[in-house]
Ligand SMILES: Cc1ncc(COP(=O)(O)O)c(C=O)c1O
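Consider the single chain below, provided in structure tokens and representing the form predicted on its own.
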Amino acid sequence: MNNIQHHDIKKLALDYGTPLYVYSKQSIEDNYTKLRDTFMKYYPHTRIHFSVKANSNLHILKQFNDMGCGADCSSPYEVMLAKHAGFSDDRIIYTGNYESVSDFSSLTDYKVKVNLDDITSFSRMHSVYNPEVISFRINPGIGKGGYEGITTGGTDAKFGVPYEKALYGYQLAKEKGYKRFGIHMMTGSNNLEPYYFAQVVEKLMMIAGNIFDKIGSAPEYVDIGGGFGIPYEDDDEVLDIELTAKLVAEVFEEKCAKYGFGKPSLLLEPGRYLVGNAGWLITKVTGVKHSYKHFVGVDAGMSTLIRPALYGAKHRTYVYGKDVPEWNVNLCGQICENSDIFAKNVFMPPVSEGDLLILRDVGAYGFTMASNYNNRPRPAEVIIDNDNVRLIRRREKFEDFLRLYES
């Protein structure tokens, strides 16, 4: 692999240094347009809110705002970032997790939709903030993700209100004077099976039917979250988004008619599907060690991309200018942890110090999960826009490490 979007990888590394995150503006636009147009074909009242936690670079957020997308925010600062990027309040949803009173106090200057993580969240919110529209995040008792660590529904998940208790939350909100409601669900990430989405939407709608019948209301929106997956390995199937949209819309409209919901908005909160395959990580070989095993060390690490160390995520890796795999190696970073391994027992071409490696599909949950562990600086980020390459976040310097200390 020598090029990213027709730009020479070696030149990118020379111009901006390594490790380096590279994004494709056109790929992001293509992903968004495909998802939006496909779902709207089957249900015109579909609205997409980009999951800011997947990639919160301000320039990428501005691109989503310019395309008319909404923003799904998981913290007050993400709401502030979305506002800074230009999103209007009516296109922002705040979906926190174990939200504090301070979290809700930070929202008082805005009029955003709120998805509450628990019934106890309602009391904390109501004491300081009263949005016009609220919903509860429902744990439907089932969940599925590409890895255990990204499964966000089911009996072991820390997220959401158990569906058996959700009615009480809505009754409580109505008693306190709230009249406008939605309902929300997010059961897992990186799912590649269309029928799974239809299955969880059907269960959510059955739960919603019971709730809104008993409180004498109807939801203004049904937020089914994200979870739309992308392939991370060559033998992974590509999610059939056409079939997914068709199945979800069929179930959704059938249940809306059954429960008298009318035509509520169908909200999606994708992150990975929109930016995952639009990102690459360029890193340089810093050492080759033939020990009890063969190790190839690079100047990125778990502080740069933590997904492999955190839950065993895999990213296809290529060597610049070489394509014949001969070595069986462990690919590792510079962090002083034995878990700082990008891949174990993978075959790759023989490499030397200074060679460039490229990791694919890092546009989601890459830089946003980066840290300064071992006091390593976070990398630079660039975006490719056809013939142009633009720096959208500079590499951290030592002065950045010192700026928050008090004298």
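We number the residues from 1 along the sequence you see. Because the structure is a prediction, the values reported are computed rather than measured.
One more form of this protein, predicted in complex with this ligand, exists but is not displayed; see below.
Remark: residue 228 counts among the residues lining this ligand in the predicted bound form, judged by a heavy atom distance of 4.5 Å or less. At a distance threshold of 4.5 angstroms between non-hydrogen atoms, residue 271 is in contact with this ligand in the predicted bound form. Although the partner is absent here, residue 184 is a contact residue: one of its heavy atoms lies within 4.5 angstroms of this ligand in the predicted bound form. In the predicted bound form, no heavy atom of residue 367 sits within 4.5 Å of this ligand. Screening 234-242, 204-212, 103-111, 188-196 for residues having heavy atoms within 4.5 Å of this ligand in the predicted bound form returns a single hit, 188-196. Among 59, 360, 36, 53, the residue placing a heavy atom within 4.5 Å of this ligand in the predicted bound form is 53. When this ligand is considered in the predicted bound form, only one residue from 315, 137, 307, 91 comes within 4.5 Å through any heavy atom, namely 137.
Taking this ligand as positioned in the predicted bound form, none of the residues of 337-357 brings a heavy atom within 4.5 Å of it.
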